[in-house]
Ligand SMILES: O=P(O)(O)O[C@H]1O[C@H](CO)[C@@H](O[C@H]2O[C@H](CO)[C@@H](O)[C@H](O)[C@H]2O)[C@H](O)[C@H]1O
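One chain is shown next in structure tokens, namely the form predicted on its own.
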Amino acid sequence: MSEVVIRSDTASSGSPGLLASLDPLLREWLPRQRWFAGKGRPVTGFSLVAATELLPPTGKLGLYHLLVRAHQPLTLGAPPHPGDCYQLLIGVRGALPPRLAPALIGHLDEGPLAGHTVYEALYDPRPAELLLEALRTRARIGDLRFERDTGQEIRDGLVPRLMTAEQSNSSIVYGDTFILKLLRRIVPGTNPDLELPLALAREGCPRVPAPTAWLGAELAGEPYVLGVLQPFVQGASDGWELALRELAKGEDFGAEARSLGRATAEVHTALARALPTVTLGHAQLQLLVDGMIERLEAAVQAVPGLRPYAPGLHSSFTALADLAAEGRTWTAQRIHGDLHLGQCLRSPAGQWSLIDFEGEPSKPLAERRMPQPPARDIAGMLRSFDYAAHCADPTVTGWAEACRAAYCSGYAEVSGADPRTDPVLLRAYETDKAIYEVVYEARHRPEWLPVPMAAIERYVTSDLI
């Protein structure tokens, strides 16, 4: 294994001084980032989890890899609390060229980098090239570990570009060959965004790009996954954008929805082969239902407009508990965990792939790795069809229902089980998802609130599918 010529300085005495000097700049910059999870609560300070000097600031370009914990009150007015840990790549230059203006964090007047400008390094091709080279050569840099599948080739000289679409992480595309997803909100443990694609690759499942390389760290005896490099599906269409385009043209999406259902079932089937499954009986289902009811009660407090619908929504969950009490059981397995149209890619050849297996980032990692009924993924996709229809044209009728039917039929063709034959379970998960959407939209996108509220009203007034 050859080594990338990068200086590691995790034990540098300047690291605490560096963070102290960055503190006022990060308090302003970090909350503005799409991937910052603590919006609405002030940042009161930072603590350093790890720091690695990748390029010394003595040259034209310096580069630091930082893991920092943001201190925020748990609620407005509460005392500061050590909160989420974030992965930062901080570039250092004497002056920022105009092309990097969108990346600006600020200018430092004191500390070890006084007189320098610091910026989000992922906008800069040189740091992005450095990351790929470190992965290609399986570098060891301080606490950072760059690993790769030696069966896959990583050519050098691939030109990087940062994907600027807003998302909960950051992604760099290298020459239309690879895409590197860098996780922003970091937690210790086995991350399903690497764990599940590796398991699917071992099963030979073609519906998920096999990881080519990955970046991690070992800190205080705990593993951290920091990034995953996978093949880039050139010319692929995002499922959400494709659905909106077809809707705008008045085209039928049924064939695509059926193919997507088949792809989902292939992934679920492969995951059930690769990783353990469990049987959910009365006690386990009651815990699941209790969680749904707790989320409903919290949502009613957060969004009073839900209150008139609460009894009907509650009955969707108790109906599931009643089935379990009668002796009904369900199989739970590892699933995607946050499936919707935006997590799917369609290649120019018409092949669907599923991506982003991180699960809901707001959930604890242990919860995201728990086996769950596949109906949870299916419900997420059915809700996504509903969103697409309302986003494209609120007056459109029948489109989401047709997609729903086609998707479930496609799923049944591969799995042998049509999700619609278990309507109580599916309705419970759809209801739970719609309640989550109501709270999210009320807090972040009030103009979208009518979409999940229309579904809520439908669920409490219509029969099970």
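None of these values were measured; they are calculated from a predicted model. Quick note: we count residues from 1 along the sequence shown, nothing fancier. Rigid core here is just the name for the largest C-alpha set that superposes within 1.5 Å across the two forms.
Another form exists, predicted together with the named molecule; not displayed. Remarks below refer to it.
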- Message: Although the partner isn't part of this model, could you tell me whether E437 comes within 4.5 Å of the named molecule in the predicted complex, counting any heavy atom of the residue?
- Response: yes
- Message: I'd like to know whether R34 contacts the named molecule in the predicted complex, with contact meaning heavy atoms within 4.5 angstroms.
- Response: yes
- Query: If you check in the predicted complex, is R427 within 4.5 Å of the named molecule, heavy atoms only?
  - Reply: no
- Item | Interface membership of D23, the named molecule in the predicted complex, 4.5 Å heavy atom rule | no
- Item | 4.5 Å heavy atom contact with the named molecule in the predicted complex for all of R27, W29 and T52 | no
- Query: Can you say which of 58-66, 396-404, 411-419, 428-436 gets within 4.5 Å of the named molecule in the predicted complex, counting heavy atoms only?
  - Reply: 428-436
- Partner-contacting position among G83, P192, G380, P211 - heavy atom within 4.5 Å of the named molecule in the predicted complex: G380
- Which listed residue (E120, D338, E256, D143) meets the criterion of a heavy atom within 4.5 Å of the named molecule in the predicted complex? D338
- Item | Residues in 356-390 with any heavy atom within 4.5 Å of the named molecule in the predicted complex | D356, P361, G380, R383, S384, Y387
- Message: For a quick test of reading the superposition: does L25 move by 2 Å or more at the CA between this form and the one not shown, rigid core aligned?
- Response: no
